[in-house]
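Before any questions on binding or motion, here is one chain by itself as structure tokens, the form predicted on its own.
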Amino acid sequence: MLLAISPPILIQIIVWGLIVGCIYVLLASGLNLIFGVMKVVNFAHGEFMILGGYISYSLSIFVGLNPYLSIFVSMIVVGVLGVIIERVCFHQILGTSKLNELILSLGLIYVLQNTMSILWTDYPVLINSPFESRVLDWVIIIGITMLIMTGFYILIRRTKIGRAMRATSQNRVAAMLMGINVEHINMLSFGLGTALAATAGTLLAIITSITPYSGEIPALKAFTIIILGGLGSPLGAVIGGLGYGLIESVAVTVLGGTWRDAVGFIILILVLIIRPMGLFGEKEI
């Protein structure tokens, strides 16, 4: 059926897949960082994304700030909130049963959803772009994603903090013996991870409307992406996010909107059967 699609439609499918993929890359990269460093499963990650979108929406409406500039304010606010939640909540149960993490993160979902519902109501909101051309918006979204992910790569690979994060991810005990304050690294990782999610939320709110409950499915997709790419693999999160966006775009065009979410999870099942460690993951010894 793809062969019967005209070139302009095919280009639109690819471009839209890349746009959606950029949002997935940011969301999955933040989740991957948190899991890689802390080994914590945070199902409330999607709610941090939507919160970032709402903050940017409020800044654009009440302050008149360009929504693309509001991204950086949203990152800071949500990142600080992430640090607070890590200290108050996840720090207290770190190293205990995974069931505790599951219950805590599920509880956070309802707390954050209801808080956003009180502050912004349940009605869908959309951030109005300052530009008339949607094509320009798409270019900016791709450019912002590239800029942020480049900065993220430099931070992780070229800085002392990044090396400490990677060391903590590989072996927490050895990192502590080498003088790394793993508690500070936990805070920074959780804060940075939620800040990346906030960026994804702003971009999402620019291309489609959001509600307090819009984060649940994207969070599940983020988990799918990091499993596809390999847990703890930054490259896997990028390639997995872009690939997932393209697959989803093709599925919607060829099979219909009802297959938007199903196709990705079908691929996840196949990958778990064929290569459980993901495309770029390594087998545990």
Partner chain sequence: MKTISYLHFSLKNITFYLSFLLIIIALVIPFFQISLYLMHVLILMFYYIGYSSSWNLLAYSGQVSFGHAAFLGIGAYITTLFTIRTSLPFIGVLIGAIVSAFIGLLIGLTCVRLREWFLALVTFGFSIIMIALTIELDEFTGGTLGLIVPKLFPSINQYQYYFYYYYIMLTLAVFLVLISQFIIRSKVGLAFAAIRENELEAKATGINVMKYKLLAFTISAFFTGLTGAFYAHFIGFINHQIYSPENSFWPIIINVIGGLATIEGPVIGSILRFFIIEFLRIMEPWVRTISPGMITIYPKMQILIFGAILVVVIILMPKGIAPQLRKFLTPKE
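Treat the numbers as computed from the prediction; the structure is a model and nothing was measured. Positions refer to the first chain, counted from 1.
The protein also exists as the form predicted together with the partner chain; that form is not presented, and the subsequent description refers to it.
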Should I19 be counted as a contact of the partner chain in the predicted complex, where contact means heavy atoms within 4.5 Å?
no
Examine K98 and determine whether its closest non-hydrogen atom to the partner chain in the predicted complex is within 4.5 angstroms.
yes
Using the partner position in the predicted complex, report whether T224 sits within 4.5 Å of the partner chain, counting heavy atoms only.
yes
Although the partner chain is absent from this view, report whether Y153 comes within 4.5 Å of it in the predicted complex, heavy atoms only.
no
From the list I185, I140, L108, L81, which entry has a heavy atom within 4.5 Å of the partner chain in the predicted complex?
L108
Exactly one of N128, Q92, T159, S209 comes within 4.5 Å of the partner chain in the predicted complex through a heavy atom, and that residue is Q92
So which of 145-153, 187-195, 201-209, 99-107 is the stretch with heavy atoms within 4.5 Å of the partner chain in the predicted complex?
99-107
Would the partner chain be touched by all three of I14, S169 and I239 in the predicted complex, meaning a heavy atom each within 4.5 Å?
no
In the predicted complex, which residues of 38-67 put a heavy atom within 4.5 Å of the partner chain?
V41, F43
